[in-house]
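Next comes just one chain, in structure tokens: the form predicted on its own.
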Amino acid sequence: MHNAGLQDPETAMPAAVRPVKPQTWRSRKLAEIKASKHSYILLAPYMILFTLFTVLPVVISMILSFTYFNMLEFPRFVGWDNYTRLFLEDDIFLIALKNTLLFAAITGPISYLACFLFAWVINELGPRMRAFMTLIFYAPSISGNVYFIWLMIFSGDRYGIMNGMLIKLGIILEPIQWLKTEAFIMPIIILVQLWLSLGTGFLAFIAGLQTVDKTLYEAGAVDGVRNRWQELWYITLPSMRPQLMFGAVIQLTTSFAVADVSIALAGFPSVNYAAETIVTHLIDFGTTRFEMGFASAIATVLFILMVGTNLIVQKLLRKVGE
């Protein structure tokens, strides 16, 4: 009887009126993880591989950018010396940075719009014609020695297609060294990259247009959508926002990471570094000079440029259809 009178007031309360202890952020997250444990188990193989081969190399590269590392000695910490040298002492890097930004500013938006417009037009064709035209437009990006065609076109002798045509028309008297003249190198590389740009992003747009629900156009007509441009802005683009985001990431990454076109057409290095890009500069220090710390600093700058640009583009794409 005396023990019953000394019972804890909280335990004596009915369960319905007991105070509930607030859950902490950690406990809520643990509860969510426990509830979705099967999903995490299925994602585990991909996340392990992604961490090992993508996240970990990026982190290691950022750490190495603060060291002097020549592949023979243990990395030696040098602080911000690599970045100071990169921006204040390396004149070639500044040329490469200017060329890369110019290249990305021109080829990125143009190739992105071209991919979507061609995909939009091709999507209106019949199934067989659509498949054929998709193959035709996608073929340049999967061709093997595709640069050989452009080397023939812009060959510096009279047998080059461009020189032969201009001489025959009487526009020039002597052949032009297209790929050895500074004024022509960058425009030619931009032209070739635009020709190659209908790649993965183009296929993503084709797939995205195929998944748009056709009944949305009927609902749009009832709600006041009167022409194709309004359908495009208010129905088509919002319905394929994931594909638009994927295509933007692909096109921007390709624009910033240009190197193969530059090396194949203009040589390595190009005349007065007219076609030097951040990636070719990275290749020079990483695979030729083996200054891995300095090369990691270049890679980190390129990574920041790509991430920053992609964040801006994603913010803009969220406004599509508003």
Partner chain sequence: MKAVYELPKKRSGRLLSLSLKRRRKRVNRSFMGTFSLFALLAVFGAFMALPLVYAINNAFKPLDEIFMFPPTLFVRNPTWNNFSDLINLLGQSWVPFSRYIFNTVFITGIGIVGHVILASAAAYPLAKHRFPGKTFLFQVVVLSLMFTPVVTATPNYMILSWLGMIDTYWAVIIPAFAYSLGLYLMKQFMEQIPDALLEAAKIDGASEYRIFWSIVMPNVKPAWLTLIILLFQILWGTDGNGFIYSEQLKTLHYASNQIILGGISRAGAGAAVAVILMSVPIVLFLFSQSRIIETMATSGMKD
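Only the largest set of C-alpha atoms that superpose within 1.5 Å between the two forms is called the rigid core. Residue numbers count along the first chain shown, from 1. Since we're looking at a predicted model, the values are computed, not measured.
The same protein also has a form predicted together with its partner chain, omitted here; what follows describes it.
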Note: its partner chain not shown here; in the predicted complex, the stretch from 192-200, 76-84, 94-102, 179-187 having heavy atoms within 4.5 Å of it is 192-200
Is Leu64 close enough to touch its partner chain in the predicted complex, meaning at least one heavy atom pair within 4.5 Å?
yes
Report whether the minimum heavy atom distance between Tyr234 and its partner chain in the predicted complex is within 4.5 Å.
no
_Is Ile106 near its partner chain? Define near as a heavy atom within 4.5 Å, in the predicted complex._
no
Though only this chain appears here, would Trp150 touch its partner chain in the predicted complex if you measure heavy atom gaps against 4.5 Å?
yes
Note: exactly one of Leu113, Ile171, Ile161, Leu88 sits with a heavy atom within 4.5 Å of its partner chain in the predicted complex, namely Ile161
In sequence order, the residues of 242-279 that place a heavy atom within 4.5 Å of its partner chain in the predicted complex are Pro242, Gln243, Met245, Phe246, Val249, Ile250, Thr253, Ala257, Val279
### Query
Superposing on the rigid core, does the Cα of Ser39 end up 2 Å or more away between this form and the one not shown?
yes
CA of Asn272, rigid core aligned, shift of 2 Å or more between this form and the one not shown = no
